[in-house]
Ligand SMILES: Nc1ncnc2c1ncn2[C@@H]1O[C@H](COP(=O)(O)OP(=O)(O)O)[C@@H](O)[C@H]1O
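So this first bit is one chain, no partners, the form predicted on its own, shown in structure tokens.
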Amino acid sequence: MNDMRLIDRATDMTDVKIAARGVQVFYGDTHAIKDVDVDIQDKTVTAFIGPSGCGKSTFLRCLNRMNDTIDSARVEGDIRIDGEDIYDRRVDPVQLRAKVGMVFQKPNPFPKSIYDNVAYGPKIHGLAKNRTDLDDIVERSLRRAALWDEAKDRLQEPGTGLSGGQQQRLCIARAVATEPEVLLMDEPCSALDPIATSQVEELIDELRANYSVVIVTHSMQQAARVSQKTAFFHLGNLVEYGETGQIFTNPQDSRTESYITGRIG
């Protein structure tokens, strides 16, 4: 029986894309993240939920070293993607962020054409040998972001001229253009109307066929709709992590239940 358990565990680990152990984050003297252990699976949407200021966005930013850009931030512990320590001093954060794409809360297209927004990353990372390669990457990325049909006749127009929902899908196209393996999304729908939100949620569901997607959301309904795994953060602690259905219908921790039922938030 023990042998079977070992085999099951080994099988589980093959699906792990990101493994975090003992992660702590400090902003100066403020202890923002406390001893987080979590395994995030490949080809899965994982939602981080919890009250404002609970640490979910801070932990998300650990996964592509965005906290490096904050002078007062200090990250401790071990985070590995495909077994590689992403905080190893030999790891180039710029290269890491090509592998771990990020989409922010507010759509932030560059003040460039739609085409140049998507082509920017592949150009700086040398992913295209020539203009034909670049054209192919731009089309493929816009198709993945469900924006090609709306944008194909306006590729030279500014990205800032698109609607809010289209701008956010452009930012997703820009993020996937470098062929990342992980896609981080920090409240990607909070600035969007319900129709645009629905379009982005459909897109997130499609993207998990190719990526490990991690989404921070204030909306429990959104977490329930788009994710297969959910992590509940509270006061800097990862309180509970598991299958989304189980977290929402049968949470194991009273703090999770209190949050889901609206008693804390």
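Don't overthink the numbering: it's just position in the shown sequence, from 1. Keep in mind the model is a prediction, meaning the values are calculated, not measured.
Only in words, not in the display: the form predicted in complex with the named molecule, which the text now covers.
* Asked: Among 67-75, 163-171, 95-103, 125-133, which stretch sits within 4.5 Å of the named molecule in the predicted bound form, heavy atoms only?
  -> Contact-bearing stretch, as computed: 67-75.
* Asked: Should the three residues Ser219, Tyr259 and Gly262 be counted as contacting the named molecule in the predicted bound form, with contact defined as a heavy atom within 4.5 Å for each?
  -> Not a single residue of the candidate spot has a heavy atom within 4.5 Å of the named molecule in the predicted bound form.
* Could you check which residue among Ile204, Cys62, Cys54, Ala47 gets a heavy atom within 4.5 Å of the named molecule in the predicted bound form? => Checking each option against the named molecule in the predicted bound form, the one that comes within 4.5 Å is Cys54.
* Hey, in the predicted bound form, is Val200 touching the named molecule, heavy atoms inside 4.5 Å? -> Val200: no contact with the named molecule in the predicted bound form.
* Examine Val239 and determine whether its closest non-hydrogen atom to the named molecule in the predicted bound form is within 4.5 angstroms. => It does not: once the named molecule is placed as it appears in the predicted bound form, Val239 has no heavy atom within 4.5 Å of it.
* Asked: Using heavy atoms and a 4.5 Å limit, would one call Ala32 a contact residue for the named molecule in the predicted bound form?
  -> The answer is yes: Ala32 has a heavy atom within 4.5 Å of the named molecule.
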